[in-house]
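The chain below stands alone and is given as structure tokens, in the form predicted alone.
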């Protein structure tokens, strides 16, 4: 697949794909004899992982470290596992924070909906649950 096709498939820019490769967030992409990027299935798996990790808010540095460890071989499996565990814990904390924020917003929304129906606001914005 060409870089244009990959960009269209994953709804990201060609510049983003080049950036991922340049900073080593993904391993070097397969190239044709003339040096043009020719994304193979394995390359696409790395692109998908990078997009997934970034969309979850994981730092670029973590992805770079993961790729670096991967390229060093199977002896780095424990380190890769530890890196993934650490990122999972970070995501769990973010998820907890998001859930708490959503609960607070739901509470406030429900009170505003009642206020719209009754014409009365039964609490103030600075009021805590």
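Model, not experiment: these values are computed from the prediction. Positions refer to the first chain, counted from 1.
This next part talks about the form predicted in complex with a further copy of the same chain, which is not shown.
Not displayed here, a further copy of the same chain is approached by residue 80 to within 4.5 Å at the level of heavy atoms in the predicted complex. In the predicted complex, residue 42 approaches a further copy of the same chain with a heavy atom inside 4.5 Å. Under a 4.5 angstroms non-hydrogen atom cutoff, a further copy of the same chain in the predicted complex lacks residue 15 among its neighbouring residues.
Among heavy atoms of residue 94, some come within 4.5 Å of a further copy of the same chain in the predicted complex.
Residues of 64 to 86 lying near a further copy of the same chain in the predicted complex, listed in sequence order, are 66, 70, 74, 77, 78, 80, 81, 84, 85, the criterion being any heavy atom within 4.5 Å.
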